[in-house]
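Presented below, as structure tokens, is a lone chain in the form predicted alone.
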Amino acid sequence: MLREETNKAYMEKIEENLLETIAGDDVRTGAYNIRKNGKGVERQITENVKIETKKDGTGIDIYVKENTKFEIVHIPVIITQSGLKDVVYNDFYIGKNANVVIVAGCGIHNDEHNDSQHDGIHRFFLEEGAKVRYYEKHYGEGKGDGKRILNPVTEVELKEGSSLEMESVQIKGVDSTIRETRGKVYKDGNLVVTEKILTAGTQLAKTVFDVDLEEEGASVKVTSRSVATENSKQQFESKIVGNTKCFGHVECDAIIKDNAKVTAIPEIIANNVDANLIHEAAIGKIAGEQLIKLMTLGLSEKEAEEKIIEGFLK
């Protein structure tokens, strides 16, 4: 009995640490839905934010009332069960002129030999004038050799004058990830996406952006910053289609170390003479003068590299 209680306390501590790592220590404030090992385990709603389980049980629907201002919604996922493949479909319906923050993300703890995987498919439907700031953090840990696999998919539909700012961060410990973001942006809508990725060992990270700018005044800005070390591999693919007078800017900036490999594949398609589309990509090692400058302040080469990488991904 004592051993069971000790194991239970150990797992509870792991779960709370995972939650705090991906969602912060205020995860249980406001509206929230916590998913653990493939099941919803905790939920709270507010007057303006409703969370409902899909009828087929595959995920949740989140409804934000129009004119809702400055509420925070947490929807974290944690996995501590080795060998679990979890797939969830979450749909967000954001009312007219609402302004909310949504904090998502997934943390996997795997101490065993079987692979653990989470595929989260999130769809955002923003009504006119709605504004969303969306944070998604991914993290893996554990002593086992079972892989920690995360494959997030984000689909966005932005109606007139609405905006979505999305920040996606992959901290460490994720063995394989394919991150897909697809969107359609309509009149005066604005999509801003920022991703930060760190890979090591033999980890693989692939990012795919595919955005259509459908109506006049639509815009998108994508910024990818990544560091690939040891024998890891990263691939960045982007496709921006401008169908009218619009603006699109994609920037891919990567630091490469050791035997790592990084590939950037840009595609911009202008179907209108007034479509203004830009793509920039830069891949390279840490500049020698940066290392020397920090080493003259008393840091070792390794410490200097860590400081540069920390600042790059900040």
Partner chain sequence: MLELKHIMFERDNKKILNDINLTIDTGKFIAITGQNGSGKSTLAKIIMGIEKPDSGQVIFEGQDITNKTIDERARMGIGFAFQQPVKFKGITVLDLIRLSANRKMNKKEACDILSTVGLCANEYIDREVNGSLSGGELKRIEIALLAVRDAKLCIFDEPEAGIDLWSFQNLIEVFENIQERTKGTTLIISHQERILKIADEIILMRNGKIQKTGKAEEVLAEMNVKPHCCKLNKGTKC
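Bear in mind that the values here come from a model prediction, so they are computed numbers and not experimental data. Positions refer to the first chain, counted from 1.
Not on display, but discussed next: the form predicted in complex with its partner chain.
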query	finding
Distance check, Met295 to its partner chain in the predicted complex, heavy atom within 4.5 Å	yes
Partner contact for Asp253 in the predicted complex: its partner chain, 4.5 angstroms, heavy atom	yes
Contact label in the predicted complex: Leu299 to its partner chain, heavy atom within 4.5 Å	yes
Close approach of Glu289 to its partner chain in the predicted complex, 4.5 Å, heavy atom	yes
Complete contact of Arg225, Ile308 and Gly311 with its partner chain in the predicted complex (any heavy atom, 4.5 Å)	yes
